[in-house]
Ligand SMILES: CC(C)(COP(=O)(O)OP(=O)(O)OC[C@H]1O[C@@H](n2cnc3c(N)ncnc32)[C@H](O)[C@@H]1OP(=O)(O)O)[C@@H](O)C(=O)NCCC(=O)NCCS
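Just one chain is shown here, as structure tokens, and it is the form predicted alone.
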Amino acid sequence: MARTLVFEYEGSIAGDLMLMIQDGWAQREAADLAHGTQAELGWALDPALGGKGLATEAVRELIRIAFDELGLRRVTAGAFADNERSTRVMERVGMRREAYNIKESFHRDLGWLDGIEYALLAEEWRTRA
């Protein structure tokens, strides 16, 4: 749970956020320069609270923390390709789609599904802010 944040709306838990710090890829002799430079983001929102902009606001703040407080250089997020709500959140906060992966994610009820990956660099975030 050390990488999970819970957020509230009107005194009740609205959802949770994940920030998992990772190493960037690098050759062995330069690996220390890539250590802890990026993060994978994730989120879940109570479906009853959808459409209020809560996920967008929470993810935007998580990105701000990642770049401005933790000094990371890159964040990524992924979702099932047909998860339009998460896709819209990623696009609203300024992330760009980098990958569309065929049948790469397993859903407990639906089986293998396509997935998408989005990313944002600190320099892009600061330019937009």
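Each residue number is its position in the shown sequence, starting from 1. Small disclaimer: the values here were computed from a predicted structure and weren't measured.
Although not depicted, the form predicted in complex with the ligand is the subject of the following passage.
- Although the partner is absent from this view, Gly36 stays clear of the ligand in the predicted bound form, with no non-hydrogen atom inside 4.5 angstroms.
- The ligand is not drawn, but in the predicted bound form it has no heavy atom within 4.5 Å of Ile65.
- Interface residue remark: Gly94 is not counted as part of the site for the ligand in the predicted bound form, having no heavy atom within 4.5 Å.
- Mapping the unseen interface onto this chain, Leu72 falls outside it, with no heavy atom inside 4.5 Å of the ligand in the predicted bound form.
- With the partner removed from view, the residue among Ile102, Ala44, Ala30, Ala99 that has a non-hydrogen atom within 4.5 Å of the ligand in the predicted bound form turns out to be Ala44.
- Taking a 4.5 Å heavy atom cutoff to the ligand in the predicted bound form, the contacting residues in 50-65 are Gly50, Gly51, Lys52, Gly53, Leu54, Ala55, Thr56.
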